[in-house]
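Given next, in structure tokens, is a single chain: the form predicted alone.
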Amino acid sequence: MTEKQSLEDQLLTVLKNNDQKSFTIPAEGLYPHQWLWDSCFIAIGLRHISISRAQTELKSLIRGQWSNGMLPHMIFDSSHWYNKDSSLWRSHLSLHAPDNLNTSGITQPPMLAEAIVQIGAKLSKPERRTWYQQMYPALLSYHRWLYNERDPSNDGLVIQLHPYETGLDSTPPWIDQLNKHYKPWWAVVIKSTKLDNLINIIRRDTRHAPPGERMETMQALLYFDVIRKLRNKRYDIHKILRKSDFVIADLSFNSIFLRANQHLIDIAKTIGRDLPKELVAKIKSSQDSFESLWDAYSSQYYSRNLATNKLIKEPSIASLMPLYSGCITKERAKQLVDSLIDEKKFATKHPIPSVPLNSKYFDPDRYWQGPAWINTNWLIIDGLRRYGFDQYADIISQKSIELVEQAGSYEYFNPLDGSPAGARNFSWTAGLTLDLIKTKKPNTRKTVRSKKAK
């Protein structure tokens, strides 16, 4: 048995052990429910094992869709012994939530279209049309919801209400806004009395991973308080927007949405459907407005705070996500690649860090504040290929595979020494690594020198 076959067997075992028949949990213990973009990434890997099982993974997602079109970022497994999470969200408070399921009240990056298309690529043309016809209504409804409820400025950029919606939970741009604009009295008391150290002991996530690998306790408490406020407003967007501490057009989310819109257009064309005219206009406005997130001085894209209308100039892995969007110019893409190969930014031994090395937030082990993640690697690899930067895509793909081969299918990895962190046997790590192996071009590995910052 070759090393490659041995690795593939390990990846298959992770996916098999986390399989709940109709959906796949991210990891046993820490993540016992179904997550939106997790299942999309997992389905991309499952398509190499079983097309029907990959399709089931996505169909199980849309069962949780709200009547207004929102796809929740979590669907709770009521049969699991740990179902307390659902009581935090209380989705039933919204008239739009499903009656027979408990879900969260927010969404997550719109990866559904990508996963649908990736599965479609493995099907014959007649089968692909049938598959697209099955998924199109839910997908269309989701994209319309994003524009109807999450584009208050009517400029095509959709907003997020909670860091969890970005998928990059503790990412620096949101931490920055948290520290600047959200300081409830109880948080000041807890911090001054150092009660956060005591609370850290009873956190569920730190039972499965060391505290230094998770978000800081004060951040977690403030995030839960934001959930409480959204819940108290019954997830009514009109009530939320009257006074909200977090209304941000997140760069990573909007980059993924731009790509998802293109997939939606292609899916509709394949099955002979015409997108609603107002949606076509919205998609065009998204592409036009995206450039407003560019900062010429630093040659980077950033998220924008809707309340202040200012860019949040804290770089993160999101800075590279416009490559995945496919909607920026080749010149802009080259500038982002320059950051990718800069040894003081993103060029680490084990790519790609979730925060650049020169950021004050960089911590190689702490959640989304430094570690390398296979899912963001996958997205950037995809973008690099479509812009013609195959040599960089090949290197990141190979290094990602080697990282998992050496350390296992962990949730994330230290970008400096490759040590694993977070949850073990993580499903999207296994699924996307399998996809990188299956789609790898033979004999394409090249040596590319990193660029040293001036």
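Position 1 is the first residue in the sequence shown; the rest follow in order. The structure displayed is predicted, hence computed values, not measured ones.
What comes next is about the form predicted together with a small molecule, which does not appear here.
J.: Pick the stretch from 23 to 31, 43 to 51, 390 to 398, 62 to 70 whose residues have a heavy atom within 4.5 Å of the small molecule in the model of the complex.
T.: Within 4.5 Å of the partner lies stretch 23 to 31.
J.: Scan 302, 324, 368, 257 and let me know which has any heavy atom within 4.5 Å of the small molecule in the model of the complex.
T.: The residue in contact is 368.
J.: Exactly one of 169, 382, 77, 314 has a non-hydrogen atom within 4.5 Å of the small molecule in the model of the complex; which residue is it?
T.: Answer to the contact question: 169.
J.: Does residue 38 reach the small molecule in the model of the complex, with heavy atoms at most 4.5 Å apart?
T.: Within the cut-off, so yes.
J.: Quick one: does residue 118 come within 4.5 Å of the small molecule in the model of the complex, counting heavy atoms only?
T.: Taking the distances in the model of the complex, the answer for residue 118 is no, it never comes within 4.5 Å of the small molecule.
J.: Would residue 108 count as touching the small molecule in the model of the complex under a 4.5 Å heavy atom rule?
T.: Flag for residue 108 set to yes.
J.: Would you check, heavy atoms only and a 4.5 Å threshold, whether residue 426 touches the small molecule in the model of the complex?
T.: Taking the distances in the model of the complex, the answer for residue 426 is yes, it comes within 4.5 Å of the small molecule.
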